[in-house]
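To begin, one chain is listed below as structure tokens, in the form predicted on its own.
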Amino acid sequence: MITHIEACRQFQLDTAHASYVLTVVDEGYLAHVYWGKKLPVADMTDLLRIDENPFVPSKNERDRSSFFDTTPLEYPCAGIGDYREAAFDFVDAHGCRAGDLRYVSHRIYDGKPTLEGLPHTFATDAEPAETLEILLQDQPTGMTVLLSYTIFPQLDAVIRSAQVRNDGPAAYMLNRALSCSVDLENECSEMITLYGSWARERQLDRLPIRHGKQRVDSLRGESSHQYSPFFALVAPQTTEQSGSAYGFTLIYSGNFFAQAEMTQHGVLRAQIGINPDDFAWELQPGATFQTPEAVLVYSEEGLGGMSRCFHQLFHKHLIRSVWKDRSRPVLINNWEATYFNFDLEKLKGIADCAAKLGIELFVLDDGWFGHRDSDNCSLGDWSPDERKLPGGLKPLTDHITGLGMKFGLWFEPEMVSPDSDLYRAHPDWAIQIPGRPMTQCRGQYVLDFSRAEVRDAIWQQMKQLLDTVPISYIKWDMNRQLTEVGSAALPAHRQKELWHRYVLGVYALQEKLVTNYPDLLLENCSGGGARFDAGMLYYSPQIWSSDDTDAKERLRIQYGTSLFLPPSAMGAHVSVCPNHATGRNTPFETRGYVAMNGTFGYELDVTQLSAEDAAQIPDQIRRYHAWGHLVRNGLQYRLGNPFAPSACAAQMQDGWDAWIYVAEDRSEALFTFIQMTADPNLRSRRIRLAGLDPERHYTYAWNANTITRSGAYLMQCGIRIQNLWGDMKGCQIHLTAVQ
């Protein structure tokens, strides 16, 4: 519920367990008052301390600068005395930087605004939304900012964005427009971020916040392997189950900026948005610029509560695919089975064996087009390689559909190889700076997707295949970042717009794809997990988490991902051992447990499996279809932490991980335990469950016995897991509430 107290010009946004409060101060300055545990509606403006030095400008004009530098402004500007990080910055007709945004008007309404050309959250009939819009203006220039705040009453999240409009007489250059800025005065003194690299995405960092600025960002043209567009502010005592947690993420897939700044007075300014480095956007009179949406989540139930809020919000109000709630087909991808070395008969053999084991979708990965015998050529030439596939794709798809399987295909639409017909015909279609050598990465360049004619050329090639053969699934890959960022279609003073225009172009083509083929299952990928962000979820219900399919590494990658993104979106496969990324051997059974903590599939040559491993596949598929709805729609509780140091002697987190998915009505649950490291002479562990109904009893099978325990017992006393023989051993238990 959104309440406006006219007497004190205060706005209070209340969700199920949280309140977000802001107010108009003195001469029209919008200030942040409170965000945290839910409070009764009341005048809270005393929290601003504006009745003490430096007071407000109308009472102390001589110290207006000090007012700006101490007041928790809701959308701070550059150049007028707030020396903390700004959210808004532009260059006026005089070439100067200053902004003084003041309140003009507001409106409160039922519903949720759409963002043209950008992914965005949406309301539903079952779960409506309420929105507050506040219009601010810089009077000397006519620049206006429309701040939008949306809440879904049952979720402790605030969706924020800003629309900048030039209502002045001259063109201005926008240099910075963040999606949100919020000043927090509370006990949160630690920052959680996710770092990584290729095959090692979303590793956990939790560090004390010092005075000054702590940030993660990307200037790679995508959200990146290196840092995720997410951070959380927590108290030192915050755990998985308890304590305050403030989470931030951006519904965007390009360059981002995420920062916490501890000021001279110990206040935290938290911000997230498009990275202002190397960004500029020309605004002619009457033109607008829309920022991506930021998602702000508050939890008093620790990191787990924060994550579950993100998961539910994205599942119910961001992912649109018809596959969101469906049991998705179990796929087999040929990449790690064959790489580029395959022909029609090899693929048929894998499909034949896979179909007999119950696998439902065959995905043909890289190497099927042009003359693609390696990653040095042919990107941009999306026609089948007749040497490998005589007659094109049809003989293969006929064979696969004849087996009762669906067919999927890999594309890398945003890229072009120097050795390709497309590049030879249109070298200017690649992103580049005139007169400067072009940097190759993986032997390829990036197409200028800001240009409609470039997108249309790729679209026509994709459409030709989609209309010719039965393609049920597409894996959309992107294997390199942007360099020498320049466009032949933009004038010199607008070249810095390309970073954002490129992302808008990617969104435009993916929107066209899912609109024209609504039943298509689209999985995004970027060299693994380099573009695993909320923006991509608007177009695809699942994203490839990492090119590292090693089960032990995946425990960490999938844990980090789940901090803010739903497990139902995590592409996860069973692959062969020794693993192709790490050389590690793990039991086939455990690989299945770990992959089921995601979308579930296989990436291997099934014809080369041992009889023992192959025999496990039908049962893994059965369990996935029987219990996969809990991963898609249930509530995840992380019971272990794969990043925790070994502490065998203390019987603490001694090399294990565990999680549980609980149905929203708490009628059933799926518990998984993984012993990462085997240690000698350890007694059994008691793993305490979470999320169950303490008043109900649950029955489950364990060690050939049927056991019934109360939810209270299972959460307080736990399930006893014997010390297993060997590293990376595990178990999976389905619990059902007794009627």
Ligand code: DGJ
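Residue numbers run from 1 along the displayed sequence. Worth saying up front: this structure is predicted, and the values here are computed from it rather than measured.
The same protein has a further form, the form predicted in complex with the named molecule, not shown here; the description that follows concerns it.
**Student:** Are any of the heavy atoms in residue 528 no more than 4.5 Å from a heavy atom of the named molecule in the predicted complex?
**Tutor:** It does: once the named molecule is placed as it appears in the predicted complex, residue 528 has a heavy atom within 4.5 Å of it.
**Student:** Should residue 255 be classed as touching the named molecule in the predicted complex when contacts are defined as heavy atoms within 4.5 Å?
**Tutor:** Output for residue 255 is no: heavy atoms all beyond 4.5 Å of the named molecule.
**Student:** Report yes if any heavy atom of residue 211 sits within 4.5 Å of a heavy atom of the named molecule in the predicted complex; otherwise report no.
**Tutor:** Contact with the named molecule, no.
**Student:** Using heavy atoms and a 4.5 Å limit, would one call residue 479 a contact residue for the named molecule in the predicted complex?
**Tutor:** Yes, contact at 4.5 Å.
**Student:** May I ask you to choose, among 365, 261, 100, 133, the residue with a heavy atom within 4.5 Å of the named molecule in the predicted complex?
**Tutor:** It is 365.
**Student:** Counting any non-hydrogen atom inside 4.5 Å, which residue from 94, 107, 442, 436 sits next to the named molecule in the predicted complex?
**Tutor:** For this set of options, the contacting one is 442.
**Student:** Does every residue of 593, 671 and 734 put a non-hydrogen atom within 4.5 angstroms of the named molecule in the predicted complex?
**Tutor:** Contact check failed for every one of 593, 671 and 734.
**Student:** Of the listed stretches (380 to 388, 416 to 424, 471 to 479, 300 to 308), which one has a non-hydrogen atom within 4.5 Å of the named molecule in the predicted complex?
**Tutor:** One stretch meets the cut-off, namely 471 to 479.
**Student:** Which of the residues spanning 396 to 413 lie within 4.5 Å of the named molecule in the predicted complex, based on heavy atoms?
**Tutor:** The one in contact is 410.
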